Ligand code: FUL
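Presented below, as structure tokens, is a lone chain in the form predicted on its own.
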């Protein structure tokens, strides 16, 4: 261990610390001869693909559940609804996008088709669509107007296409997979860049009483061909569901998880970006990537979690829920338990029958953005803060507000202690840490302590995994001395950003 070094942040020009191996990939195989130490080393070097990293940095995405159910006041349609009831009289896609953008959201996903089979674009595959509705005299296209608004305002655009279709007569037969591919092709070729494609696992009966065997691999390959930058989510190879719809993630959330179905021949012959498979593993456990679980796998894969929840009790708009919209404080707590638990938050904001985001939702989104900005605008440590660390490399990076630069330890050091002096007592009750996941996810256990003049160093927050972002709310403390202790890590830990904040 080297001796403690101390200096003022911001004195020297910062450059990124370059520690990413040229062989880094979003998967790796485990050989039968690998020791436990070798398996952990491999896990620490698995990193996100370019599309996964872009998605993770979004933090906040919005879901628009809109369709025939909006007009029947149902959550799940039957598939036999009359398209003539679809008529949003004041439809304004720009109002949707501006509302969520003002709330801090960076990407949206539109339910282009839900389980009822009603299509929000004039598809050639079925008459069960907006083309048969009175809206825009049958000339309207919800998908186009939302996509255009996204592209105009610099917001990512994604589509949800329900695999389950309660209207299609061919559902439950081989022909349905062709039918679905045709719908997916229309969505991926007619509306410019698509940044996310979202599938769920619903698989009920169609109008013929049969269930469908979905050809997911064919769908994945089509998306990679037509929109290669798009992440494929949930029932998909890029992004997994966190496991609940409460807005609550896991206390220990690994993005690197074990899988038992890595195709070794495919990996040998194809590049990282072209290998397509949905990891076969337990996706519902309390911990998905512990050391013990890694030891039993034949491969490891970067497979991050998305946490979905609705701003209202339901997923589609219901007028009786106007008084039940989540408040800014509730949304802030959800942010802490989703984004703050190494996930991306997918918040559903359902437009109403007029074709607008309701005033109650708009107000809540604006208040949430204001609250979030207020809390995280005053950061400690800053450029005037003295920091010390006994074995640190590039320690100034933790306060430069640049994700690409990062602190790490001397080679072989998997623990460290970083001390901060606020130059006078300050109040805090929020801790934020970010790892540089371009190097890998490594931290396994950390503790934040504050200095009490009577009792010495006292713990105030503790956690396991960090990943892209970890935020912990703890009982308010007032002190001038703080220290972060990394107690366990897979290889040398990295910290891109560290901050203490106060939520009044």
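Positions refer to the first chain, counted from 1. Not measured: the values here are computed from a predicted model.
Missing here is the form predicted in complex with the ligand; even so, the following discussion is about that form.
Interface residue among 135, 71, 315, 216, judged by heavy atoms within 4.5 Å of the ligand in the model of the complex: 315.
Taking 308, 145, 81, 238 one by one, only a single residue has any non-hydrogen atom within 4.5 Å of the ligand in the model of the complex, and it is 308. Remark: of stretches 450 to 458, 472 to 480, 40 to 48, 61 to 69, the one touching the ligand in the model of the complex is 61 to 69 (heavy atom within 4.5 Å). Residue 202 belongs to the set of residues with a heavy atom inside 4.5 Å of the ligand in the model of the complex. Interface membership of residue 179, defined by any non-hydrogen atom within 4.5 Å of the ligand in the model of the complex, is ruled out. Although the partner is absent from this view, residue 245 contacts the ligand in the model of the complex, with a non-hydrogen atom inside 4.5 angstroms.
Although the partner is absent here, residue 76 lies within 4.5 Å of the ligand in the model of the complex, judged by heavy atoms. Residues are counted as partner-facing when one of their heavy atoms sits within 4.5 Å of the ligand in the model of the complex; in 101 to 129 these are 114, 115, in sequence order.
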